[in-house]
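Only one chain is shown below, in structure tokens, and it's the form predicted on its own.
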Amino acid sequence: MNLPPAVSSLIARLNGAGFSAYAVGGCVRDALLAKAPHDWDLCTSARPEQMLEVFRGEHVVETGLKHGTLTVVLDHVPYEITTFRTDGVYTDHRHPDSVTFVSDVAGDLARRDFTVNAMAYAPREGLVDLFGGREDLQKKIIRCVGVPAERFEEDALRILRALRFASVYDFTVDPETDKALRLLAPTLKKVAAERIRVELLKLLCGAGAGRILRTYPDVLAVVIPEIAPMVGYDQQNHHHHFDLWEHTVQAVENIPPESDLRLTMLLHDMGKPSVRSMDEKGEAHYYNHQSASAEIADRVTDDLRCDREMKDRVIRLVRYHDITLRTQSGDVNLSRPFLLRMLNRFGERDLRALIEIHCADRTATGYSSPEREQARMAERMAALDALLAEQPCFTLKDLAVNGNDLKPLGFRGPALGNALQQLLQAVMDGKVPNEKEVLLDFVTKFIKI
């Protein structure tokens, strides 16, 4: 394993002071998978006060000395270093009540969550793998260190972390670990929403997200209860071949792995069971399910403590997930005026997202091929690209006139705003060019104060 020079230097300094030290955890796992680690964590036999002495003169951040952790910053890159330790009782199912420093790496590795995360490496000793982590990597298995139930009782978030790792690396969960996480899933309710959100969004964006969603809806329903009614829900509609949960899972799989988009597809049809109606032929309809789903998205994003930008965007995309590039009659419309109005309404970023969402949603019905929907999406994106290449006017800031230009004509307050909106609409509809003199002439002739 090739360590970055800075990591090798930190280990060498600790070794030179008489302490053992290793790269540990996720960085070792990712390096063995030939993936570039996001960060490098170290563990050492040195106590916190001893580490402070070893790294005197360096930029050191006392991250959590009580728990044996400090951070050394080299060339603006932080490296977290923690004293070998064992954890005490976890009465809150999340954090140990106490930690005990130990002198051997074995005790430190034994406290970790999964075998693939319980490996250490040092240049002089090589890989330290006491629990079969490397073999589990080769077999693509997520397995707890020691007794699974004990690991999950210590920290309930590990339940979701197991599913997240299985999704991100496209691994399966070991049977005993699977059994324990299902049994203890209700303890996820004790975990902070912010921590749940981080793990859930990573899970949704993983290579194996669809498989994990299909396999563990009961566990995920602890976090988002609205999932439970979707599982096995017969949509009884000729536009849908799959039950509601399978449709949702496929829609998630079909959208690019971006957290906003994946969460949108998870939530986009959750309102269907609450608005179902049946016609005289025995077919189900879901009128206004978009609004019902948006209301659920509002609650879920609140529960997950999503930031305002993500919350607003997900709600908006859920609410309008099936109207992209269609007229009120439902026909596809790629005309210039219509596309400009859609750009004005949604902006370029969200309009492109809605085109992708429409493709993912249609493909997940089971009655339209991926090739057909991809071709439709490509056609719509091409039309949008061609229009945007012209740098058209579709927002007030694009207009060749502004409020200061209209005030000398007598426009004030609401009348001013209304006049600007009418001008923008006229430009988007192609009635007038976006030229200052022409627009001012149009105002004086056709817009009343």
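Owing to the predicted nature of the structure, the values given are computational and were not obtained by experimental measurement. Numbers for residues come from their place in the sequence shown, where the first is 1.
One more form of this protein, predicted together with a small molecule, exists but is not displayed; see below.
Novice: Closest heavy atom of Arg56 to the small molecule in the predicted complex, within 4.5 Å or not?
Specialist: Output for Arg56 is no: heavy atoms all beyond 4.5 Å of the small molecule.
Novice: Considering non-hydrogen atoms and a 4.5 Å limit, does the small molecule approach Arg341 in the predicted complex?
Specialist: So Arg341 does not count as contacting the small molecule.
Novice: Does the small molecule get within 4.5 angstroms of any non-hydrogen atom of Gly68 in the predicted complex?
Specialist: No, Gly68 sits far enough from the small molecule in the predicted complex that none of its heavy atoms falls within 4.5 Å.
Novice: With the partner left out of view, is Asp155 within 4.5 angstroms of the small molecule in the predicted complex by any non-hydrogen atom?
Specialist: Yes, Asp155 sits close enough to the small molecule in the predicted complex that at least one of its heavy atoms falls within 4.5 Å.
Novice: Using heavy atoms only and a 4.5 Å cut-off, determine which of Thr324, Asn117, Thr363, Ser259 is in contact with the small molecule in the predicted complex.
Specialist: When the small molecule is considered in the predicted complex, the option within 4.5 Å is Asn117.
Novice: Taking 4.5 Å between heavy atoms as the contact cutoff, choose which of His289, Arg111, Lys311, His358 touches the small molecule in the predicted complex.
Specialist: Selected option: Arg111.
Novice: Given the stretches 364-372, 348-356, 242-250, 162-170, which is the single one in contact with the small molecule in the predicted complex, using a heavy atom cutoff of 4.5 Å?
Specialist: Of the stretches listed, the one contacting the partner is 162-170.
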